[in-house]
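The data below hold one chain only, encoded as structure tokens and taken in the form predicted on its own.
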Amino acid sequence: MSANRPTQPQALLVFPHLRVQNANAISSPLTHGFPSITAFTGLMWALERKLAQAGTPLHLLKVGVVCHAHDEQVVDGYVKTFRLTRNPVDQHGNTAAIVEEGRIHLDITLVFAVAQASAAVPLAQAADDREQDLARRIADVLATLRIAGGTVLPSRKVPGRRTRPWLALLPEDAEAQAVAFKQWRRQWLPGYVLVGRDDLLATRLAHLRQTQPEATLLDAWLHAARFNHTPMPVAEGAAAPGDGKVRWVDPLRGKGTGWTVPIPVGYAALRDKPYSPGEVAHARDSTTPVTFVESVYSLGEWISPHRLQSVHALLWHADTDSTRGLYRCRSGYVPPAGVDASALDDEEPDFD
């Protein structure tokens, strides 16, 4: 990454209600249901390279994703199974072998935090353009790319819904930025923003170590990813149920916690030092060092945009620690201190 690359975004580039067909629903060897956030950071870098080739240089620094609707291609049942296909046919007209893949159709809004890369592409002038010509040109480039392996379908006009891409400057003043964000987040409703919740994983680990001192982060992650039903004793002073039945619940899954999900957030190297460029045969890029990696997992949460107080809360950025061999995405979301998730469900949204 260039040392001259800016770190502070100057504007937001938004692509509302993108329709994506057959995106990859398998986000890691252990999770499925929505593409990995690394798919969207990869899209961000691919789009930046394409824009540079198209003569529209722009720094894309962070990315956020708002999911409005999804349709995972599975067969419902006690255990969900992927709907698999055997196409295209081979050169002899025979059906192909089945290769298990997860597919999902999405209706998402992508939010990019951008910075000016060249005086030839002035962001202030582009943001003031009523026709939003720059945003439309970038949308044309985006339509040629794959999003998590899925195809971008042409947008359809929907009454009362803004579907055209737009660009807006980020006010430098924090108060003015908060006011602008209140207006922007209304456009992303109904929908849910994926944010990182590393703090919940740490809390789960601390809980496990009260009874299992040897518990690891993997134990905590697996514990948070499943139901852990336990019998609940009758409260002191309360009458025992007449039918003699014992109530079973998961004490760590209260109201509002259903939006917490296990997610992959990046990769960890499997060796101390990457291979030199060209040392690994058939690598995609022969000019870049290569290393083998495994997925890094954490917890995420789907949050309605009206609960976010800052645009930075919905954005993810890449974080590289080459000395530890850790390449992961980090969320800008900071959970409000002392707020009960169940209380948030009863909040009335403030759209003004």
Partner chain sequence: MESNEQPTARSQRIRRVMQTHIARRLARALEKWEGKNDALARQEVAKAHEKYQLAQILAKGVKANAMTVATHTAKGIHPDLRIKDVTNLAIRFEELKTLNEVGSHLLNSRESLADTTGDGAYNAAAYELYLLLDCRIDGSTLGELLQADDPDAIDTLSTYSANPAAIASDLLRLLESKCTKPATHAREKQVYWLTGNDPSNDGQYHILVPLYPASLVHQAYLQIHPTRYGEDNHAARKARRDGKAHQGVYQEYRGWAVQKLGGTKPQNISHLNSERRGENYLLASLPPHAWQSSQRYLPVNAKSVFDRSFGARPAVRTTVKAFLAFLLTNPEPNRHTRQAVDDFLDSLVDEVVIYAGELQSQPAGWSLEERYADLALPEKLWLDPERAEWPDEAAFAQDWSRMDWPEQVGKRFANWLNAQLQGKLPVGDAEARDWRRVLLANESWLFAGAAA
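Just so you know, these numbers come straight off a predicted model, no measurement behind them. Each form is matched to the other, and the largest set of C-alpha atoms that superpose within 1.5 Å is called the rigid core. Residue numbers count along the first chain shown, from 1.
The same protein also has a form predicted in complex with the partner chain, omitted here; what follows describes it.
- None of A240, A174, A124, V79 but one reaches within 4.5 angstroms of the partner chain in the predicted bound form through a heavy atom, and that residue is V79.
- The shortest heavy atom separation between S295 and the partner chain in the predicted bound form is within 4.5 Å.
- In the predicted bound form, at least one heavy atom of L189 sits within 4.5 Å of the partner chain.
- Among heavy atoms of R204, none comes within 4.5 Å of the partner chain in the predicted bound form.
- A residue is said to contact a partner when one of its heavy atoms sits within 4.5 Å of a partner heavy atom; A54 fails this definition for the partner chain in the predicted bound form, lying far away.
- With contact defined as any non-hydrogen atom lying within 4.5 angstroms of the partner chain in the predicted bound form, the contacting residues in 212-235 are L217, L218, D219, W221, L222, A225, R226, F227, N228, H229, T230, P231, given in sequence order.
- The Cα shift for H229 between the shown form and the other one, taken after rigid core superposition, is 2 angstroms or larger.
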